[in-house]
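Coming up is one lone chain in structure tokens, specifically the form predicted alone.
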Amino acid sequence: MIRVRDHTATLGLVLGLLLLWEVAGQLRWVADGTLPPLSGIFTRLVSEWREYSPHVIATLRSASLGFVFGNVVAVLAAVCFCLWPLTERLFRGINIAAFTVPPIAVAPVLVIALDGDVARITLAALLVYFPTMTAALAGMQSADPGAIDLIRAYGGTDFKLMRHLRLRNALPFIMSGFQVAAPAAVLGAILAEFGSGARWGLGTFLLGSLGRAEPDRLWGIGLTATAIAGLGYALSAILAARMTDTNRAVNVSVAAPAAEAATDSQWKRAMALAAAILLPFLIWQLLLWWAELSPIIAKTPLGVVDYLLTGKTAASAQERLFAALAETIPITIFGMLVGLGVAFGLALLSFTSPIVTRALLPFALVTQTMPLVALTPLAVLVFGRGVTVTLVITISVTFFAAFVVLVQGFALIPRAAFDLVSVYGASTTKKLNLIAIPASRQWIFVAARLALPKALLGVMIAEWLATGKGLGNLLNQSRGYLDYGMIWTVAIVSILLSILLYQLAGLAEWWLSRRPADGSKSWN
């Protein structure tokens, strides 16, 4: 009966929103018709499907190949990190960069350095790598210690452990990682189509349609991209259910890395940290040497330093860069904080009104499959090209990502903790204050680290397509002016900014963990 009511509430909300959309479109309630009725969007989509099909095929091809290559690399990397923990520490800088990288910032760099098809596949694979690698590694490391001891007692090597135990234990985690990776591959393929010069692809189709006063076409392209990403998510979920006889949800783990072995000396830890920082720059330099690209087009780490700090145009470059950062950073932080606040407030309703959570959670999961680049032009139609559209996009992507994490985090709090205070007549408010809110602290920071890269990506895409300000606009202008030095500079600065915000969230969590709220402990 509970399951029926859950689905009825969700289905009722979905049908109500679709009906409201249709009525609002027919009566032109939103911005004088910039939100067309659903019937009009689908009518035009069907009538123009022949025009859509080559773009859909091109995006599907790039996303599918990126999905395959990215997942193969991710699983192999997880195997290496599990077998040789030192490699995980050495590649920590690369892994964090892969998680925090704003893909719109590296897309122009990949288009410059690689052939068009290779650039699209590479960006799709890059976005696929981290969620699958993290899920796979978590599965391998969570194998039953008793089974590990038993295999070792019979002379089992690390490789036999990996083959007979760890990989099998990790299979449900890997399948769940695929569910996160599938929509990410679609987003990467579409973003790489921006400015790539490719004739076909939904990104190309979207850019070509922005200047036309045809909201129904833009909505059709956006919904098509969302449907492709959602289909990838659904197929991955079905595959997970068939192969593992379960369909467990997964969140990208963004918790702080496990502490190094106590036997490691201070200098070994310092060397590992230095290697983790320097390795990404070394790989960057080696890849450029291997590709034999012109130094005018492809900037090395020293080339970026010269352009920004010591070259003849350094003063002008710094002025433009700092002006862009002054636009991007405040709105990113503000949007993320508002999104986290809304997500936290709604997540708390799971204790007072569970039906709200059951109704909203499916929407939150669906939005995780929506390519952000397809959402932005639609938001521009409704909210215009000012700061409002940037805030709306940033808050929305932050809210949905954080809401999923917080709801699942609250679900891990033992029911016995609430039963205990209920015996003493505690009200719902008391339960929240005494148990739920203190226990949620760690999940707030997990949500913050997960949401920060999404917030920065949302701001930069809005700046690129809508507002004409900030890092996103500077990147777009530099691409038009063939200012390769600034393109590489914005890409690197965006990655470093995202990593800095990520690490600051972790530092804040560490600092607060040393000061327990009212002496209370987290419930795990």
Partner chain sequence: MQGLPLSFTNVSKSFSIKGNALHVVDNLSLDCPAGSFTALLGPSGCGKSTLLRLALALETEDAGSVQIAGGMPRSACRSGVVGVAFQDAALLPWRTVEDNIRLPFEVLGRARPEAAHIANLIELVGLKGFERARPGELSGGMRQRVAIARALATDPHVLLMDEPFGALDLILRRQMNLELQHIWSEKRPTTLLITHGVDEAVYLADRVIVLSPRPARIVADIPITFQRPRGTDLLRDAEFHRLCDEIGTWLEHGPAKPSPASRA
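Note that the structure is predicted; figures quoted are calculated from it, not measured. Numbering follows the first chain given and starts at 1.
The same protein has a further form, the form predicted together with the partner chain, not shown here; the description that follows concerns it.
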All of 301, 304 and 312 with a heavy atom within 4.5 Å of the partner chain in the model of the complex: no
Contact assignment for the partner chain in the model of the complex, among 164, 430, 199, 385, heavy atom within 4.5 Å: 164
Listed residue (83, 277, 235, 150) with a non-hydrogen atom within 4.5 angstroms of the partner chain in the model of the complex: 150
Which of 138 to 146, 120 to 128, 332 to 340, 98 to 106 lines the interface with the partner chain in the model of the complex (heavy atom within 4.5 Å): 138 to 146
4.5 angstroms heavy atom contact with the partner chain in the model of the complex for residue 154: yes
is_contact(residue 87, the partner chain) in the model of the complex, heavy atom dist at most 4.5 Å: no
Distance check, residue 209 to the partner chain in the model of the complex, heavy atom within 4.5 Å: no
Touches the partner chain in the model of the complex: residue 169 (any heavy atom, 4.5 Å): yes
In the model of the complex: members of 214 to 233 within 4.5 Å of the partner chain, any heavy atom: none
